[in-house]
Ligand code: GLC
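Just the one chain here, the form predicted on its own, laid out as structure tokens.
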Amino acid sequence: MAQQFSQERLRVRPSSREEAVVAAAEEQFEQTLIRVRGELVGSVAALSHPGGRSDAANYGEVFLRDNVPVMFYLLLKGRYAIVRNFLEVCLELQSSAYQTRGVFPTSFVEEEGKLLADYGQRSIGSITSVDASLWWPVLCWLYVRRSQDWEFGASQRVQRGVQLLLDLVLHPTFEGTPVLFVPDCSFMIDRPMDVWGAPLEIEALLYGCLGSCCQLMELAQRGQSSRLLEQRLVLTRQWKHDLRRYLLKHYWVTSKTLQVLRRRPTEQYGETQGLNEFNVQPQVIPPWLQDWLEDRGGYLIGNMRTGRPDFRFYSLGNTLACLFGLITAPQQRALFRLVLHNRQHLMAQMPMRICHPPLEGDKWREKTGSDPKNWPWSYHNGGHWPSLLWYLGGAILLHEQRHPQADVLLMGQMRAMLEECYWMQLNQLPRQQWAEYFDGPTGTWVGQQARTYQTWTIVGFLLLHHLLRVEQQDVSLLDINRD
């Protein structure tokens, strides 16, 4: 199969255009960078359309979520000052309000010399972005480690920001589980999609966030020992451990685990409910999973709620689980086999799909509130987002770096698929004006409401190019667990 992919790749490889496409993308990326108080702090969500179209003013703001790949790219390029400026502005804007104390802004913009932050009050539907807050410690730790700016990581303002966030995340609740419960639309899936509760992307991010907070607190502890800091460090480590154990127990599924789940007793209570503590009925397991999982595939499901597990596949949550080391090396290879087996669904013509399968018919109307942006096979309801491919690419390359001798045939197939997907994007994205997302079962149509010249589409391509062509060893930047 690897030889077959290699032959197909040679047929589509546009070698004469690669350098020109990359150079043009780099030039457009430079145009996305903006200044706050005279200093570069990050990128706008999208460039203005060359034809002068300006129908979405907030795309000129600096979104923390959209700037995650931007900050990774800047770190790889050694442009540390911009990353530090971004982290400091976010830290300055960390909420001090009673109910949202510790939350980082979804986005910010400078207007008439003043910083204007959005914590959800200005967004469509007034939704709050939880992932923005969880990403900040991850970006901070990677910046500190890459730039070796240990003083910044151990500084009082950074440590205070970390403690405020942990106070928000680790506060007591009515639930005894280690997951973080969030409302619908509170992360990259930012339109109603029935993802409330403990969605995978948030839990994977929480795992990475807790690990990064531990690394940052250890920096402060080396400089000055504190009993309170030591207690918080122990608590955070334990929470991270409990979260991982919980997710691997309840979210990880294979063909074998599903067969066990189907035969578990229901209606249990008291001490006997350990076998089926969420009272999951066998009828809720969708039949499409049988072919989807094959015999050796595995993945983390989208959500676990009482009697209502969400078996949809969410690309970002699963790839983050690989990057953050949430799932084991054998589980990562099971995930890669699943992606390879379902390539026509997840990669198609514009890699890669954000969620599978999409909600259709009555389910679409009921779960999405008939949101016209989330038609089946569109936007976050089964749409294709080119900005997601670099996360998978990073997971594949990082796995190869960590385990160079493990299942060489499988990893060769994954590497070949990644190469072909890279050429697909190189061929199509410039012609499609670096669109935000793509519609349809094969992902060949530009999204019905997609913005063009989207920053994370451009930067996602540049990141993948850097890891594949410039310096593959730089993938170690994404390993947050490396000291």
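Note that the coordinates shown come from a computational prediction; the quantities given were computed from them, not determined experimentally. The first residue of the sequence shown is number 1, and the count goes up from there.
One more form of this protein should be noted, the form predicted together with the ligand, which is absent from this view; the next part is about it.
Comment: 184 to 192 is the region of 184 to 192, 322 to 330, 111 to 119, 73 to 81 lying near the ligand in the predicted complex, near meaning a non-hydrogen atom within 4.5 Å. Taken together, the three residues E18, Q428 and R431 lack any non-hydrogen atom within 4.5 angstroms of the ligand in the predicted complex. Contact annotation: A45 falls within 4.5 Å of the ligand in the predicted complex, judged by heavy atom distances. At the 4.5 Å threshold, heavy atoms of R65 reach the ligand in the predicted complex. For the chain shown alone, F86 is not a contact residue for the ligand in the predicted complex, no non-hydrogen atom being within 4.5 angstroms. Heavy atoms of Q454 reach within 4.5 Å of the ligand in the predicted complex, making it an interface residue. Only one of R337, R145, R244, H380 comes within 4.5 Å of the ligand in the predicted complex through a heavy atom, and that residue is H380.
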